[in-house]
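Only one chain is given next, in structure tokens, and it is the form predicted on its own.
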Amino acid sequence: MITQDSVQESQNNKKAKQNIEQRKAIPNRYRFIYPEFLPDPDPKYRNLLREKLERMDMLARRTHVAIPEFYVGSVLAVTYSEPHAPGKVNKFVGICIERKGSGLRATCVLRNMVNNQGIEVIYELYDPAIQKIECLRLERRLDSHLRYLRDAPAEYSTFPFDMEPEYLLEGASVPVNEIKVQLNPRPWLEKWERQELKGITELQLPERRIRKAKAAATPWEKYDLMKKYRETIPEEDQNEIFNEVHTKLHEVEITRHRQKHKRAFVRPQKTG
């Protein structure tokens, strides 16, 4: 009896350790792949019941339309219903310059050049009108947004609409594109020199504008722990959310992986 109790106790300890390790592993990977499952950190917009119902709707939507892993800087192709388009279906290809929002209000902004004109389309990821989302090039950039492409040459935002998908090796990490963008001469849509951007080349600015940028800088905010706490979801809440949806998300990942590697059977033809 003593040996059985000791064996059972050791097994329970192993299971507890595995659960702890799983809880630690899930948020570290999922908070980048599925950021929309994390609610708005502002307490004014928090509602536990609404967030739970939204997560159920999001999981149900993912079983019908595969939303692939993508980041700011990835090239996507979105096929959606358009009543005024030929065939009632339209397709837009572009680079993701911004991703924001939480829950069913999660959005991404795609940018491309059409007839030498910059076109941006805002898509709600869980919009029922979306029929298909493809990630043609999976990569990340140095900044959290690429809005400065609006003030950059067209070559940085031009992608062919017949672009073929680029595949990564199985298990390979997401590549980081460290390209430096050369901005057009001023005027600009935003004051980029005040945003501490890493993906643009050194800006040539007049001395007066440089002084204003230095005066408006707030370098101490990166040490403000309370500011980071208010702008993010605590790790305990992340563990609880992702543990709740982990099983369903894992099933969706396996299904998408099987469909990606599925090959249609082609019956061989007789020759001779």
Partner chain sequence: MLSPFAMLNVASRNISTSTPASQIIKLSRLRVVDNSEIGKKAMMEGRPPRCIHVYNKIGVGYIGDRILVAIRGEKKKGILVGLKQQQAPKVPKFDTNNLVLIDDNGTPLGTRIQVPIPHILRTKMKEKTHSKGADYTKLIAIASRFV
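Everything numeric here is computed off the predicted structure, so don't read it as measured data. Residue numbers count along the first chain shown, from 1.
Only in words, not in the display: the form predicted together with the partner chain, which the text now covers.
Contact with the partner chain, judged by heavy atoms within 4.5 Å in the predicted bound form, is confined among 69-77, 132-140, 164-172, 109-117 to 109-117. Taking non-hydrogen atoms only, residue 178 never approaches the partner chain to within 4.5 angstroms in the predicted bound form. Within this chain, residue 190 is remote from the site of the partner chain in the predicted bound form, having no heavy atom within 4.5 Å. With a 4.5 Å cutoff on heavy atoms, residue 158 does not count as touching the partner chain in the predicted bound form; it lies far away. When contacts are judged by a 4.5 Å heavy atom cut-off, residue 124 counts as touching the partner chain in the predicted bound form. Interface residues of 68-91, taken as those with a heavy atom within 4.5 Å of the partner chain in the predicted bound form (partner not displayed): 80, 82, 84, 85, 86, 90, in sequence order.
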